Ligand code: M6R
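In the block that follows, a single chain appears as structure tokens, in the form predicted on its own.
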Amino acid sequence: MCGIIGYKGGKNAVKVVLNGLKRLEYRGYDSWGIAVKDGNIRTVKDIGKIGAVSEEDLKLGSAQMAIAHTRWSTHGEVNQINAHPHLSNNKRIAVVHNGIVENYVKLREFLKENNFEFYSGTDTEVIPNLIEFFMEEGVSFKGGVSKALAMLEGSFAIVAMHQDYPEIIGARNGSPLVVGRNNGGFFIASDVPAFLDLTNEVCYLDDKEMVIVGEGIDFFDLSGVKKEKEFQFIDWTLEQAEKGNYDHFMLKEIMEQKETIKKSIEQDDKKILEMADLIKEGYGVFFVACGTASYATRIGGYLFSKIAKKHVNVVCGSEFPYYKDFLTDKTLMIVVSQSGETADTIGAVKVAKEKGVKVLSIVNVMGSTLMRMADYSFLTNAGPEIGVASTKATTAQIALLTLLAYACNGGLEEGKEVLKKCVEESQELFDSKFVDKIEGLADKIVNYNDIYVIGRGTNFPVALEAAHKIKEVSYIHAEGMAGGELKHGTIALIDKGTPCICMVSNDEAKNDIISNAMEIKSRGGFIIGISPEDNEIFDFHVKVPDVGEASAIVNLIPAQMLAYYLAVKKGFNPDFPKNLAKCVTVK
């Protein structure tokens, strides 16, 4: 959930980590802090966002070693004391941490019994003090880190430095950590955009691994045994990770879909067909994902039923372990995640692996944990997605699942044609007139407290995701549902003028969903139709192209735009929705 960066090298470390924090703010923006070593360890910490903070504001001067953190709080309220980095009692060790120390109460009591004091309300503060405790027993900095981490229960990614040692140490178990290098130095961060302006040569740590950056770089397991690891180049660019001329990343990434949907289906045909064979042969196929990605998999479930004539089970990541008794070595699991670091999805894969399940991952980040855990993997090719609310990665996931569904029915080329048509005809959704129309719709409904979204078939999970987007960034209560479920309760909430979005495609569900919309209209609801054709019951029509089995993609895009403009008109920053962070690395 939190953003971490550490740097050692020939550049001004203060400037490097400050810029890195600004690029990581999508991972947490409650508070921030920086520690530098230039003889002694000095820290600056504050609450709020770091975007407007300058190097001069920090008054840290220059140094060649620094660690920094931007926080999404899990333990302890948001205040300056709880902001990272946290120091050991002797002030010689500084640590930044992402994750949760589940046994921190027990560890805190152990340390208090050994005369350690605590000043924050965080779980993190036990880590530097454990390192100090073990170093007082005579071990090195590396040994102190190893022994301290061996006592932690839960997930963590940490970066630590010691006043008397010339290296920075990073380690992970369950939370992501990536190492970068260039001729001028080394980087340790929770995500690649932190240092993308300086290098794209990276190496991802696996669980229970440690990296030590000194004059060179060495990798170890947490028991101290040296490991060999390889660096790789990623093809992301700094321009992709910056806003450019857009006011917000969310709008930029919505508009990028005119390109990213096309890139998502530029896959190796041979690999697609091999995966299709695995899916057809699977005795029990599970789609597993969390949040927005779970709605993409629900869409996939309908597509596999209709196109591939294949039953798949769609389960959210946090619930998947409760299906473990059904799993065998003939089961196939398809996990979907933008970051490839979602804690609950990773936990689900671990459960599946214990049963010998084959795993296919669909992720957006090269080298991510889920990509490395999977037996087979596809990249969605959407490029870095910075906005907390996923947009372009979602439609890329839907496009790739559509392609796989067609491949399972021997219709790979047909699937390509369907998606090519979707790419071509969806260009009109990014035209300025269309965008202006969506902004005008936002003006009409921005002051309502409730919005309902209905759909049937593939448009049911589209409705769920549309409502999800609206509440994520605008904080308006939005509820998505199957059109047929209205009369079982929700229709009692419809008042005069209540905005109701009706997702329509030219498919077998069209007449039924129009009837459901009529039920709402007869109770006074304001009907917004997202549909290829206008209908007399619509009070506001958003025209989308008729693209057949790819209709979920074109129906979702205007809903993303509407969510964006509702947030902006309510005065909220859609890139940083309250209480949320981009990568959910805690359970």
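None of the values given here were measured: they were computed from a predicted structure. For every residue, the number given is its place in the sequence shown, counted from 1.
The following text describes the form predicted in complex with the named molecule, which does not appear among the structures shown.
- Although the partner is absent here, H97 sits far enough away that none of its heavy atoms falls within 4.5 Å of the named molecule in the predicted complex.
- In the predicted complex, at least one heavy atom of E472 sits within 4.5 Å of the named molecule.
- By the criterion of a heavy atom within 4.5 Å, H468 is counted among the residues contacting the named molecule in the predicted complex.
- At a distance threshold of 4.5 angstroms between non-hydrogen atoms, V314 is out of contact with the named molecule in the predicted complex.
- From the list 117-125, 382-390, 183-191, 274-282, the contact stretch for the named molecule in the predicted complex under a 4.5 Å heavy atom rule is 382-390.
- The partner is absent here, but in the predicted complex a heavy atom of T342, alone among T297, N459, S264, T342, sits within 4.5 Å of the named molecule.
- With the partner removed from view, the residue among T498, S377, T292, N409 that has a non-hydrogen atom within 4.5 Å of the named molecule in the predicted complex turns out to be T292.
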